[in-house]
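First, one chain by itself: the form predicted alone, in structure tokens.
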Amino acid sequence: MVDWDYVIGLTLRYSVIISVTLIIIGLVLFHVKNEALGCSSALLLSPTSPINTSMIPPNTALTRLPSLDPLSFILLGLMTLIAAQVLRVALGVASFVMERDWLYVLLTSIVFLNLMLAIFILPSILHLHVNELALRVLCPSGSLTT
């Protein structure tokens, strides 16, 4: 018999540790390099900066990790936190299936589908590639590889 509460707790604990580690590495690299994605720290840290996380495609975080890009580590840390919550919901569905609690299987499945729509479908509908082009204009030395 699987103790789902233990599995979910362990998953959340390790994902938070991994996420915090990635964010700290990104912050240290940003302090050392003084730039990220080819953008200067002055542009990134300005309160009026047009650059935000919606401009950076998720695969950029993965492709720029070998070049030790600070923002890639920070974004990957944030994505790890989000993935942990999605995994928590998926494990919840499995837990309710094992308990044969069909009402909560339905409700948790709806939550899971909403998360998948928000993560994978809506960004393509909202044409985030336009933001990627804006990022290339603002930080031309970043040479995004997507």
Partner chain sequence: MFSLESLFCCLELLIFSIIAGLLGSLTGLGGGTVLVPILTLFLGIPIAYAAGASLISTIATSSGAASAYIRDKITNVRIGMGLNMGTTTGSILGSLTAAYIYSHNLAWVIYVIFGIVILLSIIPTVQRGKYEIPDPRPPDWTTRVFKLYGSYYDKALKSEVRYWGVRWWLGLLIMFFAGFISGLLGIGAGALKVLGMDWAMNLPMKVSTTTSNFIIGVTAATGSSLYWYFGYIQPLMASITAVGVLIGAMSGTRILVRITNKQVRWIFLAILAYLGMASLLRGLYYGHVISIPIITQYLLSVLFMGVLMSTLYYIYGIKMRTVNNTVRGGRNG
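Numbering follows the first chain given and starts at 1. For clarity, a rigid core is taken as the largest C-alpha set superposing within 1.5 Å between two forms. Keep in mind that what you see is a predicted model, and the values were worked out from it rather than measured.
The same protein also has a form predicted together with its partner chain, omitted here; what follows describes it.
None of the heavy atoms of residue 97 is located within 4.5 Å of its partner chain in the predicted complex. Using a 4.5 angstroms threshold between heavy atoms, residue 63 stays clear of its partner chain in the predicted complex. Put simply, residue 136 is far from its partner chain in the predicted complex: not one heavy atom of it is within 4.5 Å. Its partner chain in the predicted complex is approached by residue 16, whose closest heavy atom lies within 4.5 angstroms of it.
Residues 82, 85, 88, 89, 92, 96, 99, 101, 103 are the ones in 82 to 103 with at least one heavy atom within 4.5 Å of its partner chain in the predicted complex, listed in sequence order. Put the two forms on the same core and the Cα of residue 45 is off by less than 2 Å between this form and the one not shown.
Put the two forms on the same core and the Cα of residue 32 is off by less than 2 Å between this form and the one not shown.
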